[in-house]
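One chain comes next, on its own, written as structure tokens: the form predicted alone.
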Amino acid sequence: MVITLLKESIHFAWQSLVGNKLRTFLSLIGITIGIFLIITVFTVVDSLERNIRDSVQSLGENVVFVMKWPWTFGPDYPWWKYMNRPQPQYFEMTDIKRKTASAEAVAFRIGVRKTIKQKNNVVENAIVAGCSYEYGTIKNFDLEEGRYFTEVEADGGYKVAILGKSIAEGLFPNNEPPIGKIIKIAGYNTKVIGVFKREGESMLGNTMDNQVLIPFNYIRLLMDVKSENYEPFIAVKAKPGVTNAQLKDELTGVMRGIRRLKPAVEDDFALNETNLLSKNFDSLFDLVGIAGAIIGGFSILVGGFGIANIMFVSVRERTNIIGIQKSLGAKNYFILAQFLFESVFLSLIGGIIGLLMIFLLSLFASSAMDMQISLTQSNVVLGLTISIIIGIISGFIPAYGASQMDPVEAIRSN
């Protein structure tokens, strides 16, 4: 019976669509626009959130960053207090490594923009990052070819470099192999020992594609590492089983001891962790999602009235058929289910059209921007579910009215 109901409902719905194209178009456009708006907002928010979380995770898991500035901002952000704080120094990294029992790895990083040359090929304003050896243990990245520098190369300040994919393509066009080649960083001959895999655009700007990684003791030749013009940081990764809260508690005591702060003096450093970035964006994503749901909800409400209008007209046009069906023994629930199936089918058509529009838009946006925007399976299911619910709600009253008709009166009606 379910198959019969489905076949008849699809047949009647299709006849209604074909026979009243303009009316159907005007009625379904509300559902289509509503699903399009809601799922588009959710798709964009999900894509942005996924990109940001991937960027945050690339900073390292279970990692605390010792920095001058905190990552949390509020209405009473005392920037003037943080302005006078000292920058983290390399010797503090070595002290933390020696004194922090809960730390698995500790690394120092500082960056500067320099011009890089390889014969006639030049990359200007490239980010040259100098880091200590254990940075490779903390930072999540993959090498496409070559290797990471050794501890001897890091401590000795060897002139070696690992290139980001975009930097490598700029210096070595036409797929020329870069490993073992010599490049010039600010005039210094440097041997290329590795190339990072392409990461793509990062929402936080921490992609390795446009960076060159060199040992910290080498970058001392390129810049004044004690200058206040740069923003170095110390990354501390917790040992397995140690929470970030435990690591931060120990780091607070270690850093206060290193800087010889008296008990009554406030901390002159910030301990940042990656989940702070995620929390800062969560409220923004929630707000955008709510706004999109409200706007799309109004469109779906209008579309629901359109579906209900089609069903009232459909019931009126098929009153004689309803009377004949009931006189031949059709039960009330059969008539009710028949029109409900038709209402759901019409609503699903609007929802599917909206989802197809989002899919095409996501393909275009992904090709136009350096960020993957994809219509996820969960959002497809959500869009179809909303369409089914709207179809049931919009079609119930007309369907119930049809199921309660007196068969004699229905047959005699014009």
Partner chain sequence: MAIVKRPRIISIICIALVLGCLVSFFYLFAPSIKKLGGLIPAVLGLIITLQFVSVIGLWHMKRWGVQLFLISYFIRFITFYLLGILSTYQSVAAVFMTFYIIVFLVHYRKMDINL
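Everything numeric in this text was worked out from a predicted model, so none of it was measured. Residue numbers count along the first chain shown, from 1.
In what follows, reference is made to the form predicted in complex with the partner chain, a form of this protein that is not presented.
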property	result
Proximity of Gly297 to the partner chain in the predicted bound form, heavy atoms at 4.5 Å	yes
Residue contact check: Ile352 to the partner chain in the predicted bound form, 4.5 Å heavy atom	no
Val63: touches the partner chain in the predicted bound form, heavy atom cutoff 4.5 angstroms	no
In the predicted bound form, Val122 touching the partner chain (heavy atom, 4.5 Å)	no
Of Tyr90, Tyr188, Trp71, Tyr333, the one that lies within 4.5 Å of the partner chain in the predicted bound form (heavy atoms)	Tyr333
Position in contact with the partner chain when the complex is considered in the predicted bound form, options Leu221, Ala293, Ile324, Ile258, heavy atoms within 4.5 Å	Ala293
Residues within 4.5 Å of the partner chain in the predicted bound form, restricted to 373-392 and counted by heavy atom	Ser378, Asn379, Val381, Leu382, Thr385, Ile386, Ile389, Ile390, Ile392
